[in-house]
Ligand code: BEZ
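This document starts with one chain, in the form predicted on its own, laid out as structure tokens.
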């Protein structure tokens, strides 16, 4: 059964480039991005891991930890990291799981049989501090991910976690948001004292609440 949004993600212990990792222990009270790679020494993955390393300060600002996964052993990962750091002009500053036995890949449904019965697809899992799955995005092996978009979604998830709003198409941090249709005007007056603009009875636009 594939993991679905809202599910409690399963724990695991697996070797990594930073030693054995217990996933729940690693997560602590943070959000976590777990993202898989088809295999080591592949060009698209090389660019992705470099990009994530450069974005680590942005993830840390949001209380997000990152952890990669590839279906090769640690020794292979370490050789690949040297290539990543050379070609992407950065230092890999997060662990990469060595999932040679496919334990985590199978547990999280990262191997899609119709795509390839050995290698993982490019899946992103965003997990909140309660171990709940909040987002999955799956790309084919040939297409690199957009981690700016993943940051944008995390901003939305963290905002809507604590405020009764939704974020519209292409929303970015600081832009207007939509009051949830389930909130009455009377309740909205208490929650959004600065007011809102009513475009339709179900569409009330207001300034982004302060977090």
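Positions refer to the first chain, counted from 1. All of these numbers come straight from a predicted model, not from anything done at the bench.
From this point on, the text means the form predicted together with the named molecule, which you will not see here.
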Go through 161-169, 44-52, 25-33, 176-184 and give me the stretch that gets within 4.5 Å of the named molecule in the predicted bound form, heavy atoms only.
-> 44-52
With a 4.5 Å heavy atom cut-off, would you call residue 122 a contact of the named molecule in the predicted bound form?
-> yes
Using a 4.5 Å heavy atom cut-off, state whether residue 111 contacts the named molecule in the predicted bound form.
-> no
With a 4.5 Å heavy atom cut-off, would you call residue 68 a contact of the named molecule in the predicted bound form?
-> no
Heavy atoms within 4.5 Å of the named molecule in the predicted bound form: does residue 141 have any?
-> yes
Scan 21-41 and note down the residues that get a heavy atom within 4.5 Å of the named molecule in the predicted bound form; none is a fine answer too.
-> 38
